[in-house]
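Heads up, the chain shows up twice below as structure tokens, two forms, tagged structure 1 and structure 2.
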Structure 1
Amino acid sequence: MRKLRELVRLYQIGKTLFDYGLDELIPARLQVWPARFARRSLFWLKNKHPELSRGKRIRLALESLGPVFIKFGQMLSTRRDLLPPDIAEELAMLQDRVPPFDGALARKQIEASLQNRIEVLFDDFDEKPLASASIAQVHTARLKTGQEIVIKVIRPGIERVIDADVSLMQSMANLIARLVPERSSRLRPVEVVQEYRKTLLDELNLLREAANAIQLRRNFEGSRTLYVPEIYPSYCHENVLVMERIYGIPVSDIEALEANGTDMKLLAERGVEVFFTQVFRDSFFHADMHPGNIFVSYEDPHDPQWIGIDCGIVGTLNRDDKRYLAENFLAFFNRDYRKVAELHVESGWVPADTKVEEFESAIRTVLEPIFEKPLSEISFGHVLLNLFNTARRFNMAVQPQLVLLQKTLLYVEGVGRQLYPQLDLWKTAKPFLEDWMQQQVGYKAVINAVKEKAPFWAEKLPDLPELVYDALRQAKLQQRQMQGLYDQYSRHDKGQGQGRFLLAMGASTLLASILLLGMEKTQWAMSGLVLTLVVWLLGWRLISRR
């Protein structure tokens, strides 16, 4: 039954793409004959919207297919350096202008979740949504105490839609893993889809988003670079979230930002700083930083502050991954390709038997021509993609824990270049990474470690004499036990040696008795056999003694 549902969903996806004529947008040189044959066999599926622009057809198709596809469009919308302007403009509408669901239905869901009527909980609730996205929409209201708030509500029935699409992706990943096992071990499609499933399911739980927002707000408390709105946990539920209403300029509204006198260069650089601070200082980063989730404060445009909302998707990295990433970035900036190759091997991202010299040469071939351009003309996104393509030739395994980071980095650069086309991501990030690395190694790291451990050491200091005494007493007791075991072993080993000697002596006596018996000296032979038996019994007793 599940397979049948997946086949039906696959047909629905294909039908939607064909209904909007997206197959016509594929260049002829990329249309291989099996694909052309498959398309012609579906002759009843035709473009029903030839009058619409290509950008609008792409946007409407993604909207029709649901949240999984909308999120893909959101990510693409930030990469205006990769897309034609007409398509990028249309995809930008997916960030917060997805068709809303009925506000009366949102009201019912809020009341059911919070188990009270809207009028009892809030004032001035507006059934008309303020914004609507792929998974949820928001409505404005006031708390009874007067604070302005927004209420985020999950779309009804969205779980089934997401589960169907992700299940289809999982089946495709399993199929790829079976059909192409040698590539699957490197691309790890099953693990990537599982990570994506976890990310989407986490986003459906607004209690998790509330916790993420509270943590992110705490990390940037008092910061001039990023502001995170306050969450009101007592009004939150799995499918309802209540938070402070903020007033800011959407980061995609370049005209409004310029009209407000915003320092665009500083704003773009602070976006890079916020990203790297979250990743390397906090190991906790907002992983859905598309323009629909980012605003800029109206206040003090010459010292602009970012405002981040929608913390449903966050990423974390362990200490080893952070260290390898920072060293890789710095090696890029310093054009130390040997170091890049060695780090990929040390981290296990490429097989241990990779020839470092060949890998280094391949990386240099990709990156060196790029560095000949002015840094402001280099797209970090392009560099990242080119590097991954090169690493694939050396069987680089996809790291599921880094997929969110890669996506977010592309978001950050895409948004930054919209704000300030001359953004030099490399120059902006390098001082931050160098400072972070200095804090991880050298005397600063030692001082920080001592500061971190000092309270624990101070707590244990009064117990130190007793701990030393107990340790010395235990050591003396263990020494006695070891001596006793050694003496026992020595006695046992000595008995073993004597027993083996007697057994050998008995064998010699037996051989002599047989010779005497052959010489017809029966009396001597019988005496020798008796002696053999006695010697063997004594030897066996010594060997079997414990």
Structure 2
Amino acid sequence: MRKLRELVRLYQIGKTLFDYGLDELIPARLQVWPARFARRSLFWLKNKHPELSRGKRIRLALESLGPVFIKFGQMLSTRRDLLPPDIAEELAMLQDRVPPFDGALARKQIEASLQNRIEVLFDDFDEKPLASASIAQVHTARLKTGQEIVIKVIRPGIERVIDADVSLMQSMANLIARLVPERSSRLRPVEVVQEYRKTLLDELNLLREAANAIQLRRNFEGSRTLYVPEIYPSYCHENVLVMERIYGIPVSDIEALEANGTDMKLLAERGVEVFFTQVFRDSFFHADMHPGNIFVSYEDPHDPQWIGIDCGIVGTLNRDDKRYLAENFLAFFNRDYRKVAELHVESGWVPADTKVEEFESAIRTVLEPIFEKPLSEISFGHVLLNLFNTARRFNMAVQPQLVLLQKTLLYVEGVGRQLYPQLDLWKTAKPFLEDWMQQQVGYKAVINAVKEKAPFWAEKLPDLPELVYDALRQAKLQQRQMQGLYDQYSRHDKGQGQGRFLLAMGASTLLASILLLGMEKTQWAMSGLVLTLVVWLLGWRLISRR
């Protein structure tokens, strides 16, 4: 039965791909004979939209294949290192439009997960969803304390759909990799689908999102720049997330922001500041900054505060990545392409045997025309993208955390410039980065390191004299023990030497006694044998003594 369902779905997928003529996009040299044969045998399926551009055809095909393919396209749209720009741009427009599921089903799902009736847990649960997406749906309610909340519920049965579609995708990726190895070595379909599977499974677990939101909220506790709604962990489950309801102006609603008297310049600058703070101070950044997830508080429009929701996808950077990234940014700013190239080698992002001169020149060729423009017109997300694409030619391994960061930076810039077109990203970011670098490598770094260790030393200091005394006593004791052992060893070694000498002497007297016997000097020979016996006995005693 399952096999039959899979076959039907496979046919549906194939039909959709042919209906949008996606088979025509495969270059002729890569159309291997089994694929050509399969295509010819499905002769009744034709391209029904030849008038549309290739990007549009891909987008429409994915949209009609459902949520798993839509999200896949959205993920691919960020992989501009793999796709031509026209296709990547079209994929970025993929909309996750799905009809809401029944509120009664949501209620059932919540009750099953939290093992209690909704009325016992919450008040005013609204069965009409506030928002609905492919994986989850959001409903409003109140806690028993009166606190307004939203409840995010995973779409019932979505796991099965995801599992089935991703398994088919995986089989297709394996097939492509086997049929066209040359092409697939660059596109790496198997790895791309695997990465996608992981992302989807992560999104299915709302406990993960809850943990991320709690961490982000803690990082910005008391901040004037970013507010993250409170999560109520005792009501959270893999399928259910309960958080404080927020009322904010959606960031895409420029008119409403202006009507509220928002200081747009400050708001845009604060967006950049929030991003750099997350990356460089906390190494933990919200990486799903699409406009549906960002709001601006109605309060204090002259001192505007961002509100962030949906922490399903976050990025993290390790200490080295952060440091190299900051140095890279500063090197860009000074147009020091040599430094950029060297940093890529030092960090291990490109292989150690990369020819720095050639790499520098390739970077210069790509970036110099961009830097001809005034700084306020430069997109640093694009600078990073171009840089990574150049570095890939020099065998830079894909660094998912950097791709995520670059994508987020593009969003931040896009939103920032929409709010305040003259936004000079650099003016905001540079002092921040310089200060951060100072803290990492300058005298401040030393002070910081001392500060970091101070509580440890403060705690240990009172015990220090005792510890020193103990250590010295131990050292002395050990020295004495060592001396004892050494003496024992010397005695033993000396005994061993004497023993070996006596054994050798015994061998000589034995030899002499045999010779004397041959010469018929029996008396002498017998004395020699007795001597041999005595000497060997003495030697054996010395050697076997410990």
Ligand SMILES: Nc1ncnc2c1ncn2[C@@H]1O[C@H](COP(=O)(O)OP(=O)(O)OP(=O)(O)O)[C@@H](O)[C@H]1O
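Numbers given to residues start at 1 and step along the sequence of structure 1. In this text, the rigid core denotes the largest set of C-alpha atoms whose superposition between the two forms falls within 1.5 Å. Computed from a prediction, not measured in an experiment: that's the story for all the values here.
- Looking at both structures, it is structure 2 that matches the form predicted together with the named molecule.
- With the core superposed, Glu89 shows a C-alpha displacement of at least 2 Å between structures 1 and 2.
- For Gly14, the Cα deviation between structures 1 and 2 after core superposition amounts to 6.4 Å.
- Superposing the rigid core and comparing between structures 1 and 2 gives a CA shift of 10.6 Å at Lys56.
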